[in-house]
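In structure tokens, one chain follows: the form predicted alone.
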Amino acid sequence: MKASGVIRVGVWGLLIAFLLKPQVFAPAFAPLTQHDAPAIYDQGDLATLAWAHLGLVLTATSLSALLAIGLAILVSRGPGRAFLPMSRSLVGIGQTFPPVAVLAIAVPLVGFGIKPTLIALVAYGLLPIFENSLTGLSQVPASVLEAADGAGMSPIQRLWSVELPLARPLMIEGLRQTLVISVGTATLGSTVASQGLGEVIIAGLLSDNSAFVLQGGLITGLMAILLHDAVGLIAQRWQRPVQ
């Protein structure tokens, strides 16, 4: 096994071990506590919170991808090109407004919990996927498109069999960016009662327990790295010549 593979397995093993048996790591976090405070987060199950956090991120990223890729396809052809400037403005709103501001606007509309967090994450994740998808679709060589038309492909067939496969590497890169952004941003969801790793960080800040803050940050950071790495591995295995 290559060194990168060993490191990858080691990181996965470390994260899983900590989530399943966090008390084993208590001695490592004990120096960060004061006044006999607990060294390991004890106000909920870390594995459950991590799973909820991951589910929220994957759901939001999937919705962002559907919206962003669909919009990129629409504005990259025919009459839809006229809507490109407006589309860029719309998907850029999520990056213009801080996630906290989006949460503050969404809570009065949909209430507390997962809904406002999903709205913020979807809005914040649109731009990377949209721009990468648009770039990928725009860079398909004209000669390839002409060959597809000459082969008698319909516009839908050409899109599905030629354009999307050629644009896929850039689309996946946009997806990776959105995943990493969403993992960190999702921690803010705990401020509006959305279950996730933000609970651990907030609990640490409120109780002045650096051990809790570090645990929430470490799990969040490792999750972002592992998701980025996993999507990269999937992309490598998925690449194949266009048939």
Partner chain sequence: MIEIESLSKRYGELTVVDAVDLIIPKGSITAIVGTSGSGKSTLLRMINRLIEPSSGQVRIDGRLTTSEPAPALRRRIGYVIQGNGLFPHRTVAENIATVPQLLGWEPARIAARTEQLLTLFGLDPAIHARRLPAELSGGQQQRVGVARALAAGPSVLLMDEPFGALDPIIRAKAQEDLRTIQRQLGTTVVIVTHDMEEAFLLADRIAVLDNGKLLQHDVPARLLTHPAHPQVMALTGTTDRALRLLSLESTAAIVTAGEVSGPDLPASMSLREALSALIWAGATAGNVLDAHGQRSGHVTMQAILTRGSAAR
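Positions refer to the first chain, counted from 1. This structure is a prediction, so every number in the text was calculated from the model and none was measured.
Not on display, but discussed next: the form predicted in complex with its partner chain.
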Listed range touching its partner chain, judged in the model of the complex by heavy atoms within 4.5 Å, from 130-138, 110-118, 145-153, 92-100: 145-153
Identify which of Val75, Val122, Val162, Met171 has a heavy atom within 4.5 Å of its partner chain in the model of the complex; exactly one of them does. Val162
Mark Leu166 yes when one of its heavy atoms lies within 4.5 Å of a heavy atom of its partner chain in the model of the complex, and no otherwise. yes
